[in-house]
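Below you will find one chain, with nothing else, as structure tokens; this is the form predicted alone, and questions on how it binds or moves follow later.
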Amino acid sequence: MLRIGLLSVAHLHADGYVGALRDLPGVEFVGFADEDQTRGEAFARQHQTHFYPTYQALLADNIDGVVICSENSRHLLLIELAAAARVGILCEKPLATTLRDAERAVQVCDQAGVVLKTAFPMRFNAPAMEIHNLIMHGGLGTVYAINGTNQGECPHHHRAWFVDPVLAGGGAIADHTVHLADMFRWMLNTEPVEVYAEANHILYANVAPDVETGGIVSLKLADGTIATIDCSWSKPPYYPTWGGLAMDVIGSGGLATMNAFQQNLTVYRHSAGRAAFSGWGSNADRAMLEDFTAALRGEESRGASGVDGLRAVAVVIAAYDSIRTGKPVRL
């Protein structure tokens, strides 16, 4: 039986991970630790789970793995603590807020000989897997271009730290670029070589004045493919869900379109006052966590590694460098 806990519950995905971990066979969800006492007590009541007094106390409780759900800038500290305790790690994205921290995260886990995975659940999303297989088997011929969107509402009312440039490492670009950057690498088996980006503060300027809320990131990849990422917080607060992820893949053999979150029903309720999405598809988060447990057991794993997380951070840092200079940035 694998014993797994959460290090911090600052990230909104922590709520979903609790249910998924409890549902996995061969896994015992032991609880969580968090440095914020008020937040921790509320989370413990909501999920009826154990609240460890310190991160060290959780790591010392004979556990096999942790899922890190802290604020982005605190990922490295918790990775170092878990690596020192020889505990496997699945870390929320982005892996870090600086390239140096991301490199350090990979290094300490390599030196300690512990598993380090990055939380990129889109690798387990059913529509994304179909597109990946289509590309890998030549169904689109040579891929020329990809138009990607990963939009959402401004997350300030879910977790205020998402609009704090120090804790989050930026705004919409830091939040939403990494998923598609990883998907491009995964689907095409090639690396980004150049990044150009533009951003603005037009949307949600009243609640997120210190970070960009809209952005377009353009990439050139080593195989010649060009790609774009609309990473904007452009969905209104009353949208049925937080946002969405979609892609148009253009190749010599045709066009494929993908909506990662189209496996849902639109539900209207008089009492709710607005529409809501009720998903019926497979759970990518659960599949990602199942893959993490396979890695902890030494079995085959296809989830994103720490190096994959590092590569995605490099794209984000290059995007911010491009915005600052107004020029393309080579990777």
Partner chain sequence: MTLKIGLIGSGFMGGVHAARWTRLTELGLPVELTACYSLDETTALPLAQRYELTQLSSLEALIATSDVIDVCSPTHLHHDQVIAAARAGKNIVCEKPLARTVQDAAEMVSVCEETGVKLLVGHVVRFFPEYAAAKGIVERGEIGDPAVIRLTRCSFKPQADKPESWFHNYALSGGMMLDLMIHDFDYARWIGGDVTRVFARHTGGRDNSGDYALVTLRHANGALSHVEGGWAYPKPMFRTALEIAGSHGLIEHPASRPNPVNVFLHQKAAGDSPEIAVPGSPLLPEDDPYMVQIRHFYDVLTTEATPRVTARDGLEAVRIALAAIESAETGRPVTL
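Numbering follows the first chain given and starts at 1. What you see is a predicted model, and the numbers here were worked out from it, not measured in a lab.
Absent from the display: the form predicted together with its partner chain. The rest refers to it.
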**Prompt:** All three of V166, G169 and D321 touching its partner chain in the predicted bound form at 4.5 Å, heavy atom to heavy atom?
**Reply:** no
**Message:** Please pick out the stretch from 95 to 103, 75 to 83, 114 to 122, 136 to 144 that is in contact with its partner chain in the predicted bound form, where contact means heavy atoms within 4.5 Å.
**Reply:** 136 to 144
**Prompt:** Heavy atom to heavy atom, is E198 within 4.5 Å of its partner chain in the predicted bound form?
**Reply:** yes
**Asked** Would I202 show up as a contact with its partner chain in the predicted bound form if we use heavy atoms at 4.5 Å?
**Response** yes
**Request:** Give a yes/no on whether G244 approaches its partner chain to within 4.5 Å in the predicted bound form, heavy atoms considered.
**Result:** no
**Request:** Answer for Y239 alone: is it within 4.5 Å of its partner chain in the predicted bound form, judged on heavy atom distances?
**Result:** yes
**Asked** Only one of A174, L90, L180, L219 has a non-hydrogen atom within 4.5 angstroms of its partner chain in the predicted bound form; which is it?
**Response** L219
**Prompt:** Taking heavy atoms and a 4.5 Å limit, what residues of 304 to 331 are near its partner chain in the predicted bound form?
**Reply:** G326, K327, P328
